[in-house]
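What follows is a single chain, given as structure tokens, in the form predicted on its own.
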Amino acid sequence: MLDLFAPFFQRLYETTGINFTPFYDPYDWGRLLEGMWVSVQLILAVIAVSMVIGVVGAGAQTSKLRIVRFLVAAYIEIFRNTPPIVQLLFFYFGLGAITPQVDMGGWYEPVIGSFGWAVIALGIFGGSYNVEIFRAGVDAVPETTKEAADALGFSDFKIFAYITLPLAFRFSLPALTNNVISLAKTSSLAYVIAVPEITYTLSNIWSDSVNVPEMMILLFLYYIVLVAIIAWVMGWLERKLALPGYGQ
């Protein structure tokens, strides 16, 4: 594939000095593709973790135990009121320093690497917003619907799992879309702990080739396209899951 446009970008560099090295240099092309793929993996993992936390946290907020509700509220306040980059550094350098290491036969590797800590930190950060988003969705479910399920003999857990949560997810999709897009953009902060995603990869390329403007353009375009795809998917999902008579 690189052979299709490599001559054009090589000539562009030679005649104008505009240097998009990933489009004519095989090594930089490989680095670009790897960085893009790592970014996609990171975003998907962060979204998945934040969704699980959001669902569990929203369920915990309905608990009859005051201590459980207090812990969820404390979690939300702590992680919503601190910058995500600070959380990344805290998890990687703070908790990472005390986590076990594995003997790799002459050197030691941490059990959780930079990618793992990025998923944990950003997932927890995003989850603190998703808890409130899902809670608002839960509150939007009509009480009569839950009462009907209770009258049919459903337990509290089954009412939440089979009735409340599916409806709450649909109600939450507009706000959830905003948070998912925000998380996708926030994932670029993972470069500060050396996760080899797109920002980190392109920064290495521009350090080697001194082509900062060109690589910044690529980075800018990458996130424009990626976020547009995410927004389209979430919009499609919202239309697909729309229920007549429930605010649609």
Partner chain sequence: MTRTMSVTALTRITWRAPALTAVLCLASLTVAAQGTDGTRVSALSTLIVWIPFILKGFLLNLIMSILAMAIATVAGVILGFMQISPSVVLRVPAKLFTQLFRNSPWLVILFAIMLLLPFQVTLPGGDKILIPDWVKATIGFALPVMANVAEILRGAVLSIPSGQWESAESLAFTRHQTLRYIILPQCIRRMLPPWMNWYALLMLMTPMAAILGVNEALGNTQAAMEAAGSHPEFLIPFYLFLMTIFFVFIYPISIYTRRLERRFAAGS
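Residue numbers count along the first chain shown, from 1. Since we're looking at a predicted model, the values are computed, not measured.
The form predicted together with the partner chain is left out here; the points below concern that form.
S.K.: Does the 4.5 Å heavy atom contact test between residue 147 and the partner chain in the predicted bound form come out positive?
M.R.: Result yes; residue 147 sits at the interface with the partner chain in the predicted bound form.
S.K.: Contact between residue 70 and the partner chain in the predicted bound form at 4.5 Å, heavy atoms?
M.R.: Contact with the partner chain, yes.
S.K.: Given that the partner is absent here, does residue 114 sit within 4.5 Å of the partner chain in the predicted bound form, heavy atoms only?
M.R.: Judged by the heavy-atom cut-off of 4.5 Å, residue 114 is well away from the partner chain in the predicted bound form.
S.K.: Do residue 84 and the partner chain come within 4.5 Å of each other in the predicted bound form, heavy atoms counted?
M.R.: Yes, contact at 4.5 Å.
S.K.: To verify the annotation, which of these, 55, 38, 189, 45, has a non-hydrogen atom within 4.5 Å of the partner chain in the predicted bound form?
M.R.: Of the listed residues, the single hit is 189.
S.K.: Output the sequence-ordered list of residues from 197-216 with at least one heavy atom within 4.5 Å of the partner chain in the predicted bound form.
M.R.: Result: 199, 206, 212, 213, 216.
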